[in-house]
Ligand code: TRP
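To begin, one chain is listed below as structure tokens, in the form predicted on its own.
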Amino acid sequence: MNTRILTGITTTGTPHLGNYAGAIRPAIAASHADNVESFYFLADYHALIKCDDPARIQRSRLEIAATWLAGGLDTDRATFYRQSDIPEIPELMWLLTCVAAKGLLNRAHAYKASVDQNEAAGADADAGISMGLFSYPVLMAADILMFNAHKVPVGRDQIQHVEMARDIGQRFNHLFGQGRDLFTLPEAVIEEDVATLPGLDGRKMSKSYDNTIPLFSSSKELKSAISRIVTDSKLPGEAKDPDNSHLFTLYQAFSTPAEQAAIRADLQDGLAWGEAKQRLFTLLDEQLSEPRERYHALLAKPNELEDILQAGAAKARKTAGPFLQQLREAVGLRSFAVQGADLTSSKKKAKKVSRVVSFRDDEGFRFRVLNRKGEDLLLSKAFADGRAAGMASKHVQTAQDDLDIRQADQQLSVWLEDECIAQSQQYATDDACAEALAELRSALASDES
């Protein structure tokens, strides 16, 4: 089975080194694999949350589209489109909004940061916060779930949004899937060394901080930006610490291991910061010169870019259109041509089954095993991340006779690799506990669980 990879870039500014190293470059590289389906998009609906300057958004859409193509994206292999050209996405967002818990959205980093900032200033907690900002994670979930992406390359600060997409998708599956998974639950993918590049001042490279190094600026502008990178006050000849140097982090993202080892040794031997900046400039200027030329050639032909994106949208909608119709039917938005007898028949066939339900609370990621009455048979421990909880849940559902279930003190517990991963309630008697054990094994052995 092919792996689907999806990622997007918000169109609010000129592409910078952080966009390229953290998202665009690894995504383009991944798209070349034979067993991969790639979906890459311009997140222009997301841009409306942050920017109310139409000219800036339009210019950014053009620049980011040209960046992907100049970087080597093959649109015959990948599906490349603008978010706003896929009307199925905002419709799916509404379906997901109707199942997304407000408490989940309350915990989104961007919303919490805005609330904290307002409260620190003595203002109303929600002053200046739009529903766009609050609902941002649901739109991102729609972007991901629309195409049932398996992997989503993101910066470390976006991991939470992928986890929220999992939570929302899982809730939708539980409510409307009728025993099948309508949505694939995505996994965040980070290129550890370059996931979040520092900007000129050491903070995350971001348009919000105005500390970026534009990706395809001229050689002169590139050199000027690099000269402004903040370093410590150590003089030439004094040893520098590469691991605490923003400049070295940037160099790492674009160099070979041998080049990294060489500049690390030179910094430790007292290389001057000015010389180190010159080396970074030379490295970047050589790597970016050819794509820079392609980029400016594409900017000069906006009609050709438009044709490429329209073709990408048509390709994307061949997947999105039929899938959205399936989702509409799942939630009950069906044609009246469906005979009432069929609806009555489906109601008669519906029955309660034992099942495993995943969720997230204040302590972490959990799952519970429910019997046919909806009563708890097992409740897992709190896991630090969703993937670990998912693996434990899968083990409980698939281990069958090999599942390590222990009974002690009128309580059941499930163990994996010498660790207790789930427990039952405390039963009043040994007989009640034994009955619960039989019910649990029956539930986990059932094909309907």
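These figures come from a predicted structure and were not determined experimentally. Residue numbers run from 1 along the displayed sequence.
Although it is not shown, the form predicted in complex with this ligand is what the next lines describe.
The contact with this ligand in the predicted bound form, taken as any heavy atom within 4.5 Å, belongs to Val154 out of Leu197, Leu378, Leu288, Val154. Exactly one listed residue, out of Ser358, Gln158, Thr79, Asn211, brings a non-hydrogen atom to within 4.5 Å of this ligand in the predicted bound form: Gln158.
In the predicted bound form, this ligand sits beyond 4.5 Å of every heavy atom of Glu163. Contact check for Met140: a heavy atom falls within 4.5 Å of this ligand in the predicted bound form. Mapping the unseen interface onto this chain, His46 counts among the residues with a heavy atom inside 4.5 Å of this ligand in the predicted bound form. In the predicted bound form, Tyr136 approaches this ligand with a heavy atom inside 4.5 Å.
The stretch that touches this ligand in the predicted bound form, counting heavy atoms within 4.5 Å, is 36-44, out of 380-388, 399-407, 413-421, 36-44.
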